Structure formats: structure tokens, C-alpha cells
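This document opens with one chain alone, in C-alpha cells, the form predicted on its own.
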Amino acid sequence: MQATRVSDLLKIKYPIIQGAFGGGLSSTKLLATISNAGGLGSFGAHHLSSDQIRSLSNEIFSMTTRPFAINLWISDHDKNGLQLNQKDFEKAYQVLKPYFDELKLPKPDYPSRFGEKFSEQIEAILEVRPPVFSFVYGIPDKTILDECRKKSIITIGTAITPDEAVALDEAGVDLIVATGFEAGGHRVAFLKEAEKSLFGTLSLIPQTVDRVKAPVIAAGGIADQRGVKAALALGAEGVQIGTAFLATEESNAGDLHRSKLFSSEARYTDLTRVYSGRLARGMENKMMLEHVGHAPYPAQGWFTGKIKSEAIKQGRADLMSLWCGQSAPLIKYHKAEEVFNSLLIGSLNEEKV
């Protein structure tokens, strides 16, 4: 892997991007490790308030002088997801009540809000000026993209279909992540519903490369040097790695989640809306298999967040969201630097083999 347009635009040594984990799974330690190693570290901040984003930025700038990305969700709610009325709130609670009871959790009070607003978060992003602003679930308004250019903020958008990639390209986004359905975490569809937008990486990457001008970063199912080579052969100019970095000690995943990623249970993943209200891939467990019905995002995530937090405290993996990609059985390393270096061996520095 020689220098590519991805590494040139991002001003990084190697075109390797650490996936941005939402829901508190990102860590500044992991981000700094990857950025300092010559890749692009990322932090998923869609659950943070604007003030928390400002504090996060200060912390990151104190840990690395290298480029990094802060990631947001453009679409911050589904229909009725920000404000359920009391009747719908009660209905959503009753569906999840067996899990609250099992964990001995009290019924939660009706909140003033269920999630953060993108309109407030983006103000903080433009203020703190991270080197890279990455995003999922849509395309920012032209005024936002223009402001990013004025402030020399590189933009990375994510597509899960070739049509979404074309839309990002036509909007003038600098770089495009094309992510196949093998990836762990959320299926970040924005043109059609996620269930009708399921492209595998092997099919998605060449179709995307053929239709867009912006450099393409491949994601989904890439966990070792073989995946890196395959992505480059398909025309991608960079790779984004998620699960392999999530499994490392530097991520903010809990010990139980990390241990599960190295277990035989990681062979069995599925797509579900149970945890957030949006389609996402994780390990099969009791809650995923038993649950029927869900509230819209982010209300569903607000409810299940309380369940997941308590499940972690009680060591109940069967009630946690165990985000996991289909290539988890390939991961071997427990430290982020080891993962990063393993991606270079054979694909970047064959003389080291």
C-alpha cells in the first residue's frame, strides 16, 4: 500500500481509519493510539452534548498532534423518536418491562428529551475545528459543508449503497466510506430503509469506486491484512477497521464485551433494531432473540440504555448490546498498536515478513 489520495487528503502515513464507535464505546486513548501510529483515530460523539464535544476536543488535542476525526449522526431522530407522548411512552416501557424487572430496575421517569440534537452538536464541531468531521445517516446541509471547507475540516461521509455514495459525492464530501453489511454496529442507511440497503463489501466497493470521484474507504468485514489487500484490489484507497479495534484494551468496551469478541459466540451475529430502534449488527443473545417490537430512535435507545448499563454492572451479556462484525473470528490481538501493525505486515511492509 503506497500513499493514496486518502492518506494524502487526511495527512496520515497509512490510509487506515479506526471506526468511530457510538454509545460510549469510543475512547480518546484508542483514538490517540491510532493517530499517533500513523492512521486516523476516530471518536463517535453522537450521544454527547455540544458542551461535552467541546471538552472532548480539548482532551484529544492534548493527547495527539496528528489528524483525528469526530463522528456524528446527521439524522438525530426517527418519526416521533424525540418526543413520545405519555401513551406511547407507557407502551414502549411495557414491551421492555420484563427486562427492567429481571434486572430489578425501577420504571424510568418521563424525560425532557430522549437524545441530543445534531443542530446543536454541529455548532460545537465547527467551533472546535477537528481535523476531520466524519458522519453517518445522511448528508449535512451545503452551508455546513461549505463552512467545513472554510475551516479546513476534511469531511468523510458514509454510504451503505452505491446510490448513497453518489449522493455524497455530488454534495462535495471529501472522502466516502463504503461499508458492507458484514460490519458490526449500525447500518447507516439514509436513502432507503436499512433492510432494503444490504450490500456486501465485495459487491459494494467496486460499484462505488466506478461511480464516484471522491476517494473510497472500504469498511465491513476487514479484520486482517488479507481484508486490506482485498479492499485495495477492489479499488478502495483506504480501509476502516471497527471490530478488531473495538476488541482492544484501549477501547471503551467493557471487559465482558471484549472477551465475547474473542469467544466462539462471536461467530453468530444478526441484524436487529432492539437496542436503538435502528438496524444494527451484534452478537446474538437473549434480548436480541426474544424481543419483539421497538420504539423509534432515539427513544428506544434511551430505554435500552438503562437496561444495558445495569446489565454491564451485573455481568449479564445476554442483555447487553454486543456490537460485532462478521469477521470477529479473525481477530487475534488485544492491544490497538498490535492490531495496527498487523495490518501493515504483508500489505505495507512485506520486507518485515
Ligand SMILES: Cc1cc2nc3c(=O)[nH]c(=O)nc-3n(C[C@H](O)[C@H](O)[C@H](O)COP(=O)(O)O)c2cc1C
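Start at 1 with the first residue shown and count on from there. Since the model is a prediction, treat every value here as computed from it, not as a measurement.
Quick note: we don't show the form predicted in complex with the ligand, though the next part is all about it.
Put simply, L10 is far from the ligand in the predicted complex: not one heavy atom of it is within 4.5 Å. Contact annotation: L246 falls within 4.5 Å of the ligand in the predicted complex, judged by heavy atom distances. Mapping the unseen interface onto this chain, G325 counts among the residues with a heavy atom inside 4.5 Å of the ligand in the predicted complex. When the ligand is considered in the predicted complex, G220 lines it closely, a heavy atom lying within 4.5 Å. Contact here is defined as any heavy atom lying within 4.5 Å of the ligand in the predicted complex, and by that definition not a single one of P15, F68 and P215 is a contact residue.
Contact with the ligand in the predicted complex, judged by any heavy atom within 4.5 Å, is made by just one of A165, C148, A183, V228: A183. Contact annotation: of the candidates F133, F114, Y99, W73, the single residue with a non-hydrogen atom within 4.5 angstroms of the ligand in the predicted complex is W73.
Between 265-273, 189-197, 84-92, 234-242, the stretch whose residues reach within 4.5 angstroms of the ligand in the predicted complex through a non-hydrogen atom is 234-242.
Along 15-40, these residues reach a heavy atom to within 4.5 Å of the ligand in the predicted complex: G19, A20, F21, G22, L25.
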